[in-house]
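One chain follows as structure tokens, the form predicted on its own.
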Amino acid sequence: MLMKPLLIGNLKSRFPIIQGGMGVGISRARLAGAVASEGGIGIISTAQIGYDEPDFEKHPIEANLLAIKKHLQKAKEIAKGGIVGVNIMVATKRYADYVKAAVEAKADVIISGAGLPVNLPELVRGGVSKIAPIVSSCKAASIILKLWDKKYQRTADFLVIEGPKAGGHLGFHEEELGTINEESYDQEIHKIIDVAREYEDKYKQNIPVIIGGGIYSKEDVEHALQLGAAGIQVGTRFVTTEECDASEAYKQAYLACNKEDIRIIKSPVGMPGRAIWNPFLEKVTKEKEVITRCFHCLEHCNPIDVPYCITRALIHAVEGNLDQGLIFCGENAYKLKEMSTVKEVMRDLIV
């Protein structure tokens, strides 16, 4: 099955490959710009994106809002006309301000998950950004598209499905992850696509459905396209590229991990996530970390209650201090055995 260009409204990417947003700091301007320049859609994660800004320790949100604009501008320069967007978690504190900053910086697309982006259409009104909710179930897709239809008389420009093999925070209950198999989830994907088709008919517009989570090989890509997807979202494969914004040590952790090192953990904010088991995770399962500062990252995080600061742990990881860091990854990270480039990954995925 040959890939077709991905059409999202008036946007057209040469290949239907969206690079997943990975925070903190894993996918910023360099990676997103490189993917866009190769004909895919590059995505910047806004999760604590300004972690290395001079004022971040004192004013993290303000630093992040400035960094969104800075990294979008840089990525667009690298992209040379390619499509660049952002991933913004609904669970982010001052979510609306993050979206507005992305709109002001003319992000081509805004992808939003970790909750239902119920007011996203209102926040992007008057801008050029195309919008997509991230969903993991037919129920979630139905709720959000029905709400947008009723409240805003519009629908999604595209949909992103993140399956149970994805990295980082997952849109499933922990007990679900042990029971979902590929065949049953394929049926769920069909149901989500059917929901999208309903609103395509109503609004007389195309709603491409993108499948992500565990897509590693050409065979995975072909399977996604055979299910009816218009494109794929890939995160893990891009981490071990020269252009990825993470430290060399972070990339080497991917290359060195084995299948049994990749585990489902419980995030401090209560959601299950997939990460590489390391001394840091071993330590925080036994004793609570002393938290001296809150970086105002997520709405439902209380420093008094959580076992460790997820912002601090993710910053340590991206900077290469792995023994103090949380290393999120996808299910297939252990398959990566050598460094590559964005161009090489894109070529390996194109069918």
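Position 1 is the first residue in the sequence shown; the rest follow in order. Values in this document were obtained by computation on a predicted structure and should not be read as measured data.
Keep in mind the form predicted together with a small molecule is missing from the figure; the text below concerns it.
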TODO: Sort through I215, A102, A132, V209 and report the residue having a heavy atom within 4.5 Å of the small molecule in the model of the complex.
DONE: I215
Open item on the list: Under a 4.5 angstroms heavy atom criterion, identify the one residue in A47, A317, A36, I68 near the small molecule in the model of the complex.
Closed with: A47
- [ ] Within 4.5 Å of the small molecule in the model of the complex, counting heavy atoms only, one of 184-192, 122-130, 201-209, 158-166 shows up; tell me which.
- [x] 158-166
Task: P16 within 4.5 Å of the small molecule in the model of the complex, heavy atoms - done: no
Task: Contact flag, G231 vs the small molecule in the model of the complex, heavy atom cut 4.5 Å - done: no
Open item on the list: Just checking whether A141 would be counted as a contact of the small molecule in the model of the complex - the rule being heavy atoms within 4.5 angstroms.
Closed with: no
Open item on the list: I'd like to know if M89 sits close to the small molecule in the model of the complex, meaning any non-hydrogen atom pair within 4.5 angstroms.
Closed with: yes
